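What follows is a single chain, given as structure tokens, in the form predicted alone.
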């Protein structure tokens, strides 16, 4: 193991501040599920004093959202997220990777296989899924009972046409500003309307857009599951692709993907794989931007929005995605853009930056805990009295939509980019 990895969490003095902010600990009230507990267990695992059984491995190391609330709050800058990911790689070597995660990694690692899976899903969607529309955000339920996903769970819809297939590789010709777009799997295959909104805004701003067709999954879900070698292969492919593209910025409307490329790619090559790609990963990282950050700081969009308004009045509240807020440091930019829109009353909810409980496969492996965390978020949204909750993350959109649906709420769930696009067009939400 690279000594730099252990150094990243050895600064933990077990003070317990993490207990006050951890969303999982708030529900479980048990020391193994909080940052200092994770670090203690991991240190003993690496020393060889522990050899977790399959069940304990899943419970103790899987039941972490990697929301980095503990990292943000730690006075000594201990990186529990790196500790947990490292430990998951150890456990994978000891017990192997769960079958469904192996399949997930295999499918996500190959764009053609992923495209084929989605096409097959569309072909048999009427048999496999039931569309659910009268909910906070349109989604689907599975029709048949299965060991992975519950029948009543609100899932991402499957779009008839992917974002990457919908648009040409170059849009808006030669202009003074030029951006590339990394779209992310959720927006490419499910929430394509978010990608549409992004392109509409870029066209309005007369910015040249490059959409590389050979981009592959960012590898984030695979990396967070401790399958570093597979994530590394995807990282290399994306680095090699985007380093050849001249653009002022690489816009990524999915903060989990943006975090994977901006934060985790350099970590992969610094901590887990020392090779020539570290400097390349760092250079790519410098160009990665969330759209709200780019629009607020590098364009005149906020002034344009001041002269635009929605067709009808709405009140909105905003949920901070963990990756967007803590990993990327984007907090005020989306709020300021929303506040600039006429006919939009902005309401700050309680604990806006508290994790919603999705955490990727966390919400599959630990659904009960995930829903408890989601319920707290849903209640704060409902108590805000807003008619719409806005966020910048697809995973959060899905989780919040389900949490609100369970509470019988009709508050709609929108992506920041969608709201901005609607305002520019003078349409209703």
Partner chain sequence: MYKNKVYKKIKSLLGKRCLNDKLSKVQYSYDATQKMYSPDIVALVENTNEVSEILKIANKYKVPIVPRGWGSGFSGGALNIEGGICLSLEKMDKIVEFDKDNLMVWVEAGLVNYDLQEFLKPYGLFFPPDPSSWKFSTIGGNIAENAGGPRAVKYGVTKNWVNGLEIVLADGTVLNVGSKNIKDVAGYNITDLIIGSEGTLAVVTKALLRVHPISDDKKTIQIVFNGIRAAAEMVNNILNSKIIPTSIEFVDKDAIKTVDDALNVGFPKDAEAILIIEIDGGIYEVEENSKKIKRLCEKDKSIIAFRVAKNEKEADEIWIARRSISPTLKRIADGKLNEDIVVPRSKLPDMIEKTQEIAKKHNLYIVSFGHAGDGNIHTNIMYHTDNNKEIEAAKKAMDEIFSFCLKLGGSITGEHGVGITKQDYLEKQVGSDNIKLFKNIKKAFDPKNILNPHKMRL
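This one's a predicted model, so the numbers in the text were calculated from it and none came from an experiment. Residue numbers count along the first chain shown, from 1.
Form predicted together with its partner chain: not shown, discussed below.
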*So, 11, 31 and 44: all three within 4.5 Å of its partner chain in the model of the complex by heavy atoms, or not?*
yes
*385, 379, 361, 40: which sits within 4.5 Å of its partner chain in the model of the complex by any heavy atom?*
40
*Of the listed stretches (245 to 253, 148 to 156, 213 to 221, 71 to 79), which one has a non-hydrogen atom within 4.5 Å of its partner chain in the model of the complex?*
71 to 79
*Does at least one non-hydrogen atom of residue 20 fall within 4.5 angstroms of its partner chain in the model of the complex?*
yes
*Report whether the minimum heavy atom distance between residue 406 and its partner chain in the model of the complex is within 4.5 Å.*
no
*Indicate whether its partner chain has at least one heavy atom within 4.5 Å of a heavy atom of residue 57 in the model of the complex.*
yes
*Although its partner chain is absent from this view, report whether residue 63 comes within 4.5 Å of it in the model of the complex, heavy atoms only.*
no
